[in-house]
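Only one chain is given next, in structure tokens, and it is the form predicted alone.
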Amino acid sequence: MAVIAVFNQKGGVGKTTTCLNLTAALALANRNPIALDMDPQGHLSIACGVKNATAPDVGMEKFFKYQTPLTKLLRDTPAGWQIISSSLGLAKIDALYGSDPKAATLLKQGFGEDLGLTGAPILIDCCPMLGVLTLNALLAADRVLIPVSADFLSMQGVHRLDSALNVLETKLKRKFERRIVLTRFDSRRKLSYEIFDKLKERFGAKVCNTRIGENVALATSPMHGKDVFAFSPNSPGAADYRALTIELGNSGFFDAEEMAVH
């Protein structure tokens, strides 16, 4: 089982879009993935088309408040993969557990007792703040995928995020295997190529060769409650996320051999 935390503290970098479409691509590759929406905004839950996905006291909120087994919280998406949804009540978890040092391990324990038996890849759409929710995701994960949009401020942010993960590694005495994927790449702008080159220079093999271009289908599909493969399978956005899934899969990021994404 591979557990991947999709995380960036900066908004607007394609974090939820990446989690949504990687999960969908893995489902097309017959990997039976599971997505966890750990962001109180619930954008992943809404974007995948699950009805009443962000209703109060359901999904991940129910897990943290009542320790409901994760397998009982799984919901089927219209595209056929499974999700544990989010709700605004998740925003209260930091206040509820903020003083409990053991609170950061709740999700990892839940995986071990429950979802860990499925063997399916698990992708976590993280809250964009380094609090109890994100610490739970990072401690439960063995990989971190960092979407970075092709702009100067986002590039600066990934340096700080990488430093924060290095500090966590020292404190937790463990490594986070990580990859960086450049999103919102505009091939008409010289700046996009400059940012990609600078990321490669700084982070080397951690940077994915696949770049996710600006694409109308990627921006529009969540409005229809669909991933890009269900909404526009022949779009450049679908091609980009198909290529990213294969690249990460071939590198072992999903504990997978070469995959065929149709």
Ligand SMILES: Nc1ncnc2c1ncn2[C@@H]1O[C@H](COP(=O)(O)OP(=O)(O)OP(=O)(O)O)[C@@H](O)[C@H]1O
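Owing to the predicted nature of the structure, the values given are computational and were not obtained by experimental measurement. Position 1 is the first residue in the sequence shown; the rest follow in order.
What comes next is about the form predicted in complex with this ligand, which does not appear here.
- 142, 174 and 178 all contacting this ligand in the predicted complex, non-hydrogen atom within 4.5 Å: So, no: the whole triplet misses this ligand.
- Query: In terms of non-hydrogen atoms within 4.5 angstroms, which of the given stretches 199 to 207, 224 to 232, 35 to 43, 50 to 58 touches this ligand in the predicted complex?
  - Reply: This holds for exactly one stretch, 35 to 43.
- Exercise: residue 236 in contact with this ligand in the predicted complex, heavy atom 4.5 Å: No - in the predicted complex, heavy atoms of residue 236 and this ligand never come within 4.5 Å of each other.
- Do residue 22 and this ligand share at least one heavy atom pair within 4.5 Å in the predicted complex? No, residue 22 stays farther than 4.5 Å from this ligand in the predicted complex.
- Though only this chain appears here, would residue 128 touch this ligand in the predicted complex if you measure heavy atom gaps against 4.5 Å? Yes, residue 128 is a contact residue.
- Should residue 252 be counted as a contact of this ligand in the predicted complex, where contact means heavy atoms within 4.5 Å? Answer no; every heavy atom of residue 252 is more than 4.5 Å from this ligand in the predicted complex.
- Which residues in 200 to 218 have a heavy atom within 4.5 Å of this ligand in the predicted complex? If the 4.5 Å heavy-atom criterion is applied to this ligand in the predicted complex, 200 to 218 yields 212, 213, 214, 215, 218.
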